[in-house]
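Consider the single chain below, provided in C-alpha cells and representing the form predicted on its own.
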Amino acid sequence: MRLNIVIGGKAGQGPNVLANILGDMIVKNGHYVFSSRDYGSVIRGGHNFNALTILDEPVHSNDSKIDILVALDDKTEEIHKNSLNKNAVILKGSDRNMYYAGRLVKLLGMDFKFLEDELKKLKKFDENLKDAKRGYSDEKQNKIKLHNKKSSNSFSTGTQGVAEGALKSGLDVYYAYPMTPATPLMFELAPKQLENNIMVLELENEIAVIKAAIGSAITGAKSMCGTSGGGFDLMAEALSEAGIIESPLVIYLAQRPGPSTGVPTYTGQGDLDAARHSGHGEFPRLVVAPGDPIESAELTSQCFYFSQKFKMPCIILSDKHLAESFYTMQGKPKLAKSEKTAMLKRYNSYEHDEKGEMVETSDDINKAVEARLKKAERIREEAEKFEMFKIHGKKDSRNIIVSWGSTKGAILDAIKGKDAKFMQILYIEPFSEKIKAELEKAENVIVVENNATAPLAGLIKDKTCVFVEDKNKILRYDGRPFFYDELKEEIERRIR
C-alpha cells in the first residue's frame, strides 16, 4: 500500500524539517520513501508543504491524494481538503512541528526511540523532545504498523548526488551566485571546504561566476559553477569563450519555470534547448540529464572526466524537483575517474592555433574549426563507452515511453505491471546513435516532459527522424512535477 503524508504550514514553521526527520527515520527502518517540497517565493508566511510517499518497495514519486494531513496552521486543511482520501487522518491543533513528529510516530506504530535519536541531530534537543513526547502521548490512534527492520539504503537529494560526484572527482573550486534551485548545491558544498580542501565562492553575479571559473580552470584547477535559467542566460557569452579557449569547465544548470524570473521556487524542464544551443559559434559541449541522486553523482563525475580529457564545457541539466526531493536509494554510484590535465599554453578568445596564438588566414581558420569538429567526433565515440540511455520496464514491449531528468521517478512508478518500456535519455549532447534503433522497434512512441513544447520530442525528430504525435506528448507545465496516479492514467490512455 502507498501511504501519502502531507505536512503543511507557513514558511518558518518547519514542515521541511519535520518531513526530513520522518523520512530519514522511516528509510532507516526498512521502508522506501519519496519526499518532495512545495513552497512559494517568500521567507515567512504563505503556504509550504512537504509530501511523503511511503511503500515497502521502491517508490520514486508522490500521489495526488492524501492519507495523512499534518496541519501546522488553519490554512493547510482548507487548501488540501479536496485532495484528501475518503478515510484520511487529519492531525491539527498545534503549531509545533516536533509535536507532530511524536503523533506521527505513534500513528505509524514506530518505536519512539527512533525519533529521539533523530532529534539529537537538531538544536534545542530538550525543547524538541518535550514537544515530541507530548504529541506521542496525545495521539490515540495506532492504525498503521510500519515494520522495524534496519536498512542500509540512503535518503538523499539530487543536489547531494551532484555534490558527491563533484567532490569525489577532485573538485577544487565551486563558484555561484544564489539562484533557486541551484543554491542548495552551494549550501551543500560550503560546509565541506576544509575536510575536502576545496573553495566555495559566491560572487557578485553570474557573469563573474563563469569568468572566474574559466580563469581557475585554465590554471589547472578542477572548476565548477552553478546557476538556474536566468543566470545561465548571462553566462552564454562566456560559455562560447570556454568553447574556443578549450577550458575544462563543469556547469550545473538547475531548471525552474521561465522565461525571465518565471516561478522561482517551482520546477520545470524548459531549458533543454538552452543547454544545447546557448553561446554563439560552433564548439563541442556535453549535456547530461540525471534522473535520481545516484545518476546525479555518476553523471557529474562523467562531466569532470570529459571536461578534463577533452578540455571542454560540460553541463549537468537538473531541475528543482530532482535537486530538492529526497529519494530512497540502494547501492553506491559508479564514478568515472578523471585526471587533472596540464594547461600549458597561451589562452586567446580570438581564433587561434594550437599554441594559443591568434590567427586570421583562411587556412589557419579552417584548421582550427576542423580541429573542433574532430574533437566533437572523438567525444561522441568516447561517450558511447558510458550508459547514454537506459531501458526500464518490459523490455520487449512495443509501447515505448521516452523522457529525461526528474520525470524518471513518476514514470517508473506509473508503468509497473504495464505493457510498456521506458527509455530514459541520460546524454542529451552528444545524442546516442543507438537510440534510433530502439525507437524503430516500437509501434507506439510516447514522450513525457515537464514543459509545454516537448523539446525532447523535437530533438528525437532531428536526430532519428522518428516523429512523436501530439496526442502522444504528455506534458505538464504548471511548475509542479507529475503525480504517479495522474501520470498512470495518462499513460494507460495511450498504450496499445
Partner chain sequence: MTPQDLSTKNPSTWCPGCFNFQILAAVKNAVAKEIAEGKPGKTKDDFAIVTGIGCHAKMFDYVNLSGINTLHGRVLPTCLGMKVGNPNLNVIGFSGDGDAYAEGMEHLIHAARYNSDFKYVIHNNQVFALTVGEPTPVTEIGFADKTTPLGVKLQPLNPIKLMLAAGAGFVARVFADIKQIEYVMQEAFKHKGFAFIEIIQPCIIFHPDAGFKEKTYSLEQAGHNKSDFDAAWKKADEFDYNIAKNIPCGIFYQKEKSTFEDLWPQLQQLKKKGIGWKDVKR
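Numbering follows the first chain given and starts at 1. Owing to the predicted nature of the structure, the values given are computational and were not obtained by experimental measurement.
Below: the form predicted in complex with its partner chain, not depicted.
- Note on the partner interface in the predicted bound form: the residue among Glu237, Glu127, Asp138, Asp273 having a heavy atom within 4.5 angstroms of its partner chain is Glu237.
- Only one of Ser94, Ser83, Asn148, Thr341 lies close to its partner chain in the predicted bound form, with a heavy atom inside 4.5 Å, and it is Thr341.
- From the list 316-324, 347-355, 374-382, 118-126, the contact stretch for its partner chain in the predicted bound form under a 4.5 Å heavy atom rule is 347-355.
- The candidate spot formed by Gly40, Asp63 and Asn87 lies out of contact with its partner chain in the predicted bound form, as no residue has a heavy atom within 4.5 Å of it.
- Using a 4.5 angstroms limit between non-hydrogen atoms, Ser216 touches its partner chain in the predicted bound form.
- Ile401 falls outside the set of residues with a heavy atom inside 4.5 Å of its partner chain in the predicted bound form.
- Contact annotation: Asn366 falls outside 4.5 Å of its partner chain in the predicted bound form, judged by heavy atom distances.
- Shown alone here, Asp131 lies farther than 4.5 Å from its partner chain in the predicted bound form, counting heavy atoms only.
- Shown without its partner, the chain has Gln193, Leu194, Asn196, Asn197, Ile198, Met199, Leu201, Leu203, Glu204, Asn205, Ile207, Ala208, Lys211, Ala212, Gly215, Ser216, Ile218, Thr219, Gly220, Ala221 in segment 188-225 as residues with a non-hydrogen atom within 4.5 angstroms of its partner chain in the predicted bound form.
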